[in-house]
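Each of two forms of one protein chain follows alone as structure tokens, named structure 1 and structure 2.
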Structure 1
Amino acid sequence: MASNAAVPFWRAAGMTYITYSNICANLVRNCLKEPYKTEALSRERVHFSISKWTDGKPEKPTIRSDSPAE
């Protein structure tokens, strides 16, 4: 297997590629002209429901609608 040069700075700081990729995507979307910017920011919104499980049963679910930038 080929070995790489030094580890990238973000991985050395404990970040995974997926976190790096999401941060990059968010920064890129923020530098767009309108109307592309509003379209792009709508791609970033997530909406999901979570329920914790204890003793084999789900507890009451919580709904989260996270907006971008964590």
Structure 2
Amino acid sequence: MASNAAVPFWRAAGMTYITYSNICANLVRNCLKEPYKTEALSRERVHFSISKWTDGKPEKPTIRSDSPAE
């Protein structure tokens, strides 16, 4: 017997929840008025570090700052 359970529309569209939530967050940010829009866009920036491992030991980490593609 086939299940009639509801499937979330983002899943039915072939998206992951992270992709769906990122799309929603971008829509909300773009709908904001100034100065809230600029403030929200500044929080979108991502900071992270990358460390290469050689012989089981980490090398000096590289700090990166990326912002989403526009």
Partner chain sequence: MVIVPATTGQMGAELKPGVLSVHEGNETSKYFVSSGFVFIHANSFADIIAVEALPLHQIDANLVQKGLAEFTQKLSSATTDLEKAKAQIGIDVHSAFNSALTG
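Start at 1 and count along the sequence of structure 1; that gives the residue numbers used here. These figures come from a predicted structure and were not determined experimentally. We call the rigid core whatever largest set of C-alpha positions still superposes within 1.5 Å between the two forms.
Trainee: Is the form predicted in complex with the partner chain shown as structure 1 or as structure 2?
Mentor: That would be structure 1, which is the form predicted in complex with the partner chain.
Trainee: Taking the rigid core as reference, does Arg11 move its C-alpha 2 Å or further between structure 1 and structure 2?
Mentor: No.
Trainee: For Ile50, state whether the C-alpha moves by 2 Å or more between structure 1 and structure 2 after rigid core superposition.
Mentor: Yes; that C-alpha moves by at least 2 Å between structure 1 and structure 2.
Trainee: Superpose the two forms on the rigid core and tell me the Cα shift of Glu59 between structure 1 and structure 2 in angstrom.
Mentor: Taking the core as reference, the C-alpha of Glu59 is shifted 15.5 Å.
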